[in-house]
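The chain below stands alone and is given in C-alpha cells; this is the form predicted alone.
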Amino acid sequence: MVEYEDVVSTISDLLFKAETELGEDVVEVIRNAYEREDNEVARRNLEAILRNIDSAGKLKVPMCQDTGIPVVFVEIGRELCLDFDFKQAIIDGVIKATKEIPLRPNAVHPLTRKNPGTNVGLHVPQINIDFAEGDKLKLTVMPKGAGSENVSALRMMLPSQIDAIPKFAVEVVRNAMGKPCPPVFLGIGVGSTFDGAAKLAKKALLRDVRKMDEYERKIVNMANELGIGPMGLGGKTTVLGAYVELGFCHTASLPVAVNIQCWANRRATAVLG
C-alpha cells in the first residue's frame, strides 16, 4: 500500500539525491572524457567539474546554483490503487524539498514573473505519467536547469529530411556554444507530435548514458568535431552522449526535438509498493 506521505517524502528525498549526487553512469563518462582530453584548459575544466561533483556529495549541498525546474516521471502499476490526491502529494513533495534542501525557487508566472517561492504553480512540477504491469509505483525526478533548456530546439521537419536529423542535432549544439555549460548530453525525440517529440527528448535523458547505438555515436562524433569543448573554451569533448527516443508520427510530418542537458544530468528514481 502506497500512502500520501510516502509520495511526499519520496519526492523530497529524490530531489535531494538528484541535486547532490550524480549517477555512476554520468560520473563515469565525465571521468572518461577527462582521461581522453589533451587540451590543458579543457582538462582543468573537466577536473573542476569532477571536484564539484565530489564536494556536493560530501557536503550534501546542490552541485549547481540553478537547482532547476522539477520534472517528474511516473510509472503506475495497473494493479496499484492510489486512493488519495496523487498529484497534490507530488506537489507537496516539491514544496518540502524546496524548503528543506533548500532549492532555489525558480518557478515563476510566465507573464508577470511573480515567484511564489515554492517551485510549484501552473503545470509545475511537470508530471509525466505512464502505466506499467504490476502493483508498483516508480517515481523519477529530473531537475532541469534553464541554461541547457534555453538552448534546446524543436523543428517540424519533412519526411524527406530523415537523413538531416543528425545535422540538425549538431546545429543545435553549434548554436548553443558554451551557454549550456558543456560538455552536454543530448536527448533527441524523433516522431510523435509537436509536443510529443519534446517529451520523448526529455525522457531520453533518463537512459544509462554509457549505452549508445551506432546512430547515436555518429551524432556525438559529429558534434565533437565542433571543438567547442568544456565550458565553451575548446577541447575534444563538447557532447558526452546522445540518446534518441522514437515515436510514430503522422505520415506527412517528422517532428524532431533536441533537449540539451548540461554535464549535471541530474535524476533519481525510487520504486514504492
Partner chain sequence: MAEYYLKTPLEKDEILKLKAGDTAYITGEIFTARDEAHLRAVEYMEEGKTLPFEFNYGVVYHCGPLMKKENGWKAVSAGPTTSARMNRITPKILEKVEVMGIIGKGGMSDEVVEALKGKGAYFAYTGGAGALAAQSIKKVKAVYWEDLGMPEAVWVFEVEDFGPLIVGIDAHGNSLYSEIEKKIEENFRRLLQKF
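Residue numbers count along the first chain shown, from 1. All figures in this text were calculated on a predicted structure; none of them were measured in a lab.
Unshown form predicted together with its partner chain; subsequent notes refer to it.
For a residue to qualify, one of its non-hydrogen atoms must sit within 4.5 Å of its partner chain in the predicted complex; none of 76, 124 and 271 qualifies. Residue contact with its partner chain in the predicted complex: residue 136 places no heavy atom within 4.5 Å of it. Proximity of residue 225 to its partner chain in the predicted complex: non-hydrogen atoms within 4.5 Å are present.
The closest non-hydrogen atom of residue 62 lies within 4.5 Å of its partner chain in the predicted complex.
The shortest heavy atom separation between residue 145 and its partner chain in the predicted complex exceeds 4.5 Å. Taking a 4.5 Å heavy atom cutoff to its partner chain in the predicted complex, the contact residue among 206, 29, 69, 56 is 56.
With the partner omitted here, the stretch from 163 to 171, 126 to 134, 188 to 196, 88 to 96 that lies within 4.5 Å of its partner chain by heavy atoms in the predicted complex is 163 to 171. For the stretch 169 to 207, the set of residues having any non-hydrogen atom within 4.5 angstroms of its partner chain in the predicted complex comprises 170, 171, 174, 177, 178, 179, 181, in sequence order.
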